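Starting off, we have a lone chain in the form predicted on its own, written out as structure tokens.
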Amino acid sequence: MNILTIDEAVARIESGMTIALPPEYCGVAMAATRELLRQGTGRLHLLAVPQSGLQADLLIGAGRVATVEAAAITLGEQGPAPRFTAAVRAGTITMVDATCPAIHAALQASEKGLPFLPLRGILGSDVLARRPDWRVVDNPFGNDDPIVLLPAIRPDVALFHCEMADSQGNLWIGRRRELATMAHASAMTIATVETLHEGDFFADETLAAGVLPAAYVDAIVHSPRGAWPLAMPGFYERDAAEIAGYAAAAASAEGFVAWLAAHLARDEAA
């Protein structure tokens, strides 16, 4: 098993890379995100699979992001993601509009080694008019049957947090299959995990179906509470007070800077 320290693993992410990020219900690597901020990595291209929230907003607010491709960036019940909203209004990031099915389909194209995949549901939508790289063609097997072709997306890095890694370097991701799609499609996968497991997941009938094989994993970090302040189902709930405090502070650029400094300092002291 390739166990690294968090600074070693995150150092593999270089400025200018495209990073695939999972939704907030699916294992967000927040400890790794804080390390990414500390290391000063910038000009990042974020691909939300298919949406993001606090993780993307922190990177955007810190000025580390060049482009965002997502179906949404939101803090959910806390409202719009404040630094994302401010950056779009100011034009300091490029927003590439997408939909949930489109992002999944484009990743699945890379997963399958294909240059593109077709998708029908976005025909006639406003988002299609804003994506010149999405092409409408005639179905070669039908008459007067247009279909959209989506170019494959191959991120440089899939970055996520999950429950366990075993001694063979396999990851147990359970039913969070977005993480498998991200890893299959990306050139490199970096995962933080709650726990380390002695043995081989594939030897256990109850665990084998939820495994991401080690062949798709490049770096593993043992990082208990690595998703905090977001939730890790089965381990801890989201820290609602911390996220509410962030939403209030990040409403202004000055408040964001102060909150982030305190947040990183608290993380270093932990």
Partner chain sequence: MSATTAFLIATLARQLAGARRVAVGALSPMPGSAAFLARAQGLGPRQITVLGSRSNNDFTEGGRELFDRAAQGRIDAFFLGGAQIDGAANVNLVAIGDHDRPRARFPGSFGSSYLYFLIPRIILFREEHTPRTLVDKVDFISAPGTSPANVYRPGGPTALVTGRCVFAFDRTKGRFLLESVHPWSSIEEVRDETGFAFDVPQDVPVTPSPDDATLALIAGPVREQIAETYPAFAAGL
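From a predicted model like this one, the values you see are computed outputs, not experimental measurements. Residue numbers count along the first chain shown, from 1.
Another form exists, predicted together with its partner chain; not displayed. Remarks below refer to it.
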**Report entry** in the predicted bound form, residue 73 touching its partner chain (heavy atom, 4.5 Å)
**Finding:** yes
Report task. Report yes if any heavy atom of residue 110 sits within 4.5 Å of a heavy atom of its partner chain in the predicted bound form; otherwise report no. Result -> no
Query raised in the report: Can any non-hydrogen atom of residue 196 be found within 4.5 angstroms of its partner chain in the predicted bound form?
Result: no
**Report entry** is_contact(residue 200, its partner chain) in the predicted bound form, heavy atom dist at most 4.5 Å
**Finding:** no
Query raised in the report: Tell me, which of 188, 152, 119, 164 has a heavy atom within 4.5 angstroms of its partner chain in the predicted bound form?
Result: 119
Query raised in the report: Which of these residues, 115, 124, 132, 140, gets a heavy atom within 4.5 Å of its partner chain in the predicted bound form?
Result: 124
**Report entry** Segment assignment from 30-38, 57-65, 227-235, 214-222: heavy atom within 4.5 Å of its partner chain in the predicted bound form
**Finding:** 227-235
Query - Every residue of 170, 207 and 210 near its partner chain in the predicted bound form, heavy atom within 4.5 Å - result: no
Report task. Residue by residue through 138-175, tell me which have a non-hydrogen atom within 4.5 angstroms of its partner chain in the predicted bound form. Result -> 144, 145, 146, 163, 175
